[in-house]
Every structure is written in C-alpha cells, then in structure tokens.
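First, one chain by itself: the form predicted on its own, in structure tokens.
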Amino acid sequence: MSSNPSKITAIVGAQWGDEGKGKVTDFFAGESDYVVRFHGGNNAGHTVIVNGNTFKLHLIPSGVVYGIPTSIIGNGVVVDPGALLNEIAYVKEKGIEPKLLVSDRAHVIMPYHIALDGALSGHQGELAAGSTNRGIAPVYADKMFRNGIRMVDLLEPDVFREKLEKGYTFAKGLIEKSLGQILKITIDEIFDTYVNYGEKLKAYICDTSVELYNAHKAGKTILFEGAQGISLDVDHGIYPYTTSSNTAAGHISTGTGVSFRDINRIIGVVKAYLSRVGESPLPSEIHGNEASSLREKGSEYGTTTGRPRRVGWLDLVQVRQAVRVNGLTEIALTKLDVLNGFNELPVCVAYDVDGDHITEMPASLTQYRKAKPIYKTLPGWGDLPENIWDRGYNELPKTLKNYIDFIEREVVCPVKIVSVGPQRHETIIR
C-alpha cells in the first residue's frame, strides 16, 4: 500500500455484497492510519477472522480489530445509536479499546424508522427488496424529506426535541394513516432514550471531514471500506431491489467530505461465485444439491440476519458494470477455495433476453426478469495445494490461473489480490 502516492485506497463490493470485503479491508487495515465507512448502516455486516478469532461487525469499520487505525463512521452512514453502543461493548469485550470517531452530520435511525420499515415492506409486496428491518430506507427518506435527526442533534436536547416533534409526527402519520399500522412508542420515551445515547456517545462525535482532511494533508494512510455491492446501489443497482444508499466508490466524496481527486486506488472485491441475500431476479442462480453444496462450503449465511444466501455462478455482466461505474483499478478475487472440487465452472458472460445478447446490466426490470445466463464453462482445479498462499501466484494450478485470466479479459481489469481462505494470511498478492 505504501506504493500508492495518494495514500488513500477504497475497497468496494463488485456484486451483491457478501464478497469478502471485511477480509480484504482487514488485510490492508494494519497499514492504515484511518479506516472509514462512507454509506449504509447496521444492515451491512462484515465478518473478520484474525488468528482464529471471529469478529462480526455491522457499523464500526473492520480496521477496529487492529486497535491501531482510527475507525471513522462518515456522514453518509446512518447510525442506530443503540446498535453502535452494543457494538462498542462487543469490541471491548474482545479486548479492544476502539479508536472511533462518528461524524456529527451522520443521520440517526429512530424507533419510528424501524417501525416504518416493516410496514413499508408489506406495502411493497413483490417489489420489496427483502429489507433487514433496521430502519435504513426510512431514515434515508427522512434525510431527503429534511425531517432527519443528526448525531450532533443528540448533543443539543432543545434542537433534538424540536426536530423530533416534526419527524415523529410525520412518521406516525405515514405508519397509521397510510399503512394502517400502529406506532406504539411515545415521543417522550424516544426523547429520553436518545438524549441518554447522546451522552454516552458524546466523546466519539466530531467533524470527521476535517479530521480526514488534516490526516490526508499530513500524509496519513486512509482506507475507505464500502458496504454491500454495486448491484445494491440505489442508482446503479437492480432498482427497486437495492439498498437505500450509494454503494459505488463515487459516493465516498459525499459520504465523508474527502475529495474524490485524492483517491487513485479503488479495489473491487469479487467473490469467485455469486451470493445474494434478499429478493430480486438472479440470472445465474443455482438450485438443488449443487446450490446446497456451494452454500455450505462457503458458509453463505448473512452476517447481519443469519438468512441463507441464494447462490449462483460468477456473473461477469455484473462485474463489468462494477469495473466501469466504480473506476476500479484492480480486483480482489475471494473465496476461490470454495470452488475446490468442482470439475467444471460455468461463468456467466452475457444475458439472453428474448434472443438478444446483452453484455451490460439492463435498467429495464422487464429485461432483467427475462434474462437467462449465457455461460462459458471452464475446467475446475480440483484441490488447491497445501499452504498455497506461501508459495505465490505462479504455484497456483494452471486451470485456476486460466479462470483468473478469463475474468480479466472479460471485464478489462487486473486481478491483483487472490484470496484462497478466510484467514488474513491466506492471500496472494500479484
């Protein structure tokens, strides 16, 4: 990482999330002074395994497990203060004193957002994205309605009360009059609880944009950690089956207040196959025994929800979009070890939509629902040699190197990081 002149690196998901970003971020975090989240909330989950110790994180950036970098939750993140306090306690229980800063401009998830989330999912029916019911969509909606409450407001009870009256009344009207549900919690209960949260979090809340600006000027190393993946981006993903924030690297500027001109290394994390939590068409999805085998081998269950993930073959139509929209400089290819033992590996290179050959992600839901995968089948590599990560890229099986070469040619982006196991050291850098 020291070869990066800007000392700023971004790591983003190039599929549906769950690509192994936590591990890749963790791999680089030890050399970073700051690790920064720039969007999403505690609907995301990163699993990091260090020396056999497993950390499941939802809000605090993965770099926290080192104890050395400062972890920053940027203004583009939405924060459930109760969940954040629980996570701080969880990290402390594991023996780490978190060096954490939270943007004073980050929006706060309120109990009425969580209530509204559940009510909206029922209303959306077939078009529901499969929400985690953490209040994410309603808090981002309130931000745009300008009904939002920010972390700084929790430190100013008079302003907080003033804003809460507006936000609460608005949400209560939606829940009860539009969606026919009942909001049980009272405004006073919320006020008392959240003022108390503010007191407990006060030491962490500051202007993180200024902190990062000064850090960059001083030559510090900054790592941006994305949550979810490109197909869940609210603008570029499979709308409306998306999350409610921008997952693309371009959102770093708005989500943290750091100039995009300063970022010149953008790593897209691609899992060697596909998984998806939530609803939507999924052209390269597989079912039956093959799917069960892949799911079990890859432990494909959601970090946040525990839900079994849907699984499928690698979809390069999706990765092609990730390369283009994020401006990826390189790919980190993860979970190659999970594909051990497969004789053949289908890779989706395009979609067939009513006989048309489509190589880019369609915006049309009609087209996407009809999309059938066009596969190129590549030979598998059996089992990987023991301790292959110590022996370097050239020692990988030829069929595995061919798999990587094929991906590079199809999406026009180099694969520079190859992950062949869940532990930090099980990684090959080209």
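Here the structure is a predicted model, which is why all the values come from computation and not from measurement. Don't overthink the numbering: it's just position in the shown sequence, from 1.
Omitted from view is the form predicted in complex with ligand GDP, to which the following refers.
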{"item": "Lys335: touches ligand GDP in the predicted bound form, heavy atom cutoff 4.5 angstroms", "value": "yes"}
{"item": "Any non-hydrogen atom of His46 within 4.5 angstroms of ligand GDP in the predicted bound form", "value": "yes"}
{"item": "Ligand GDP contact at Val420 in the predicted bound form, heavy atom, 4.5 Å", "value": "yes"}
{"item": "Residue stretch of 46-54, 361-369, 401-409, 387-395 approaching ligand GDP in the predicted bound form, non-hydrogen atom distance within 4.5 Å", "value": "46-54"}
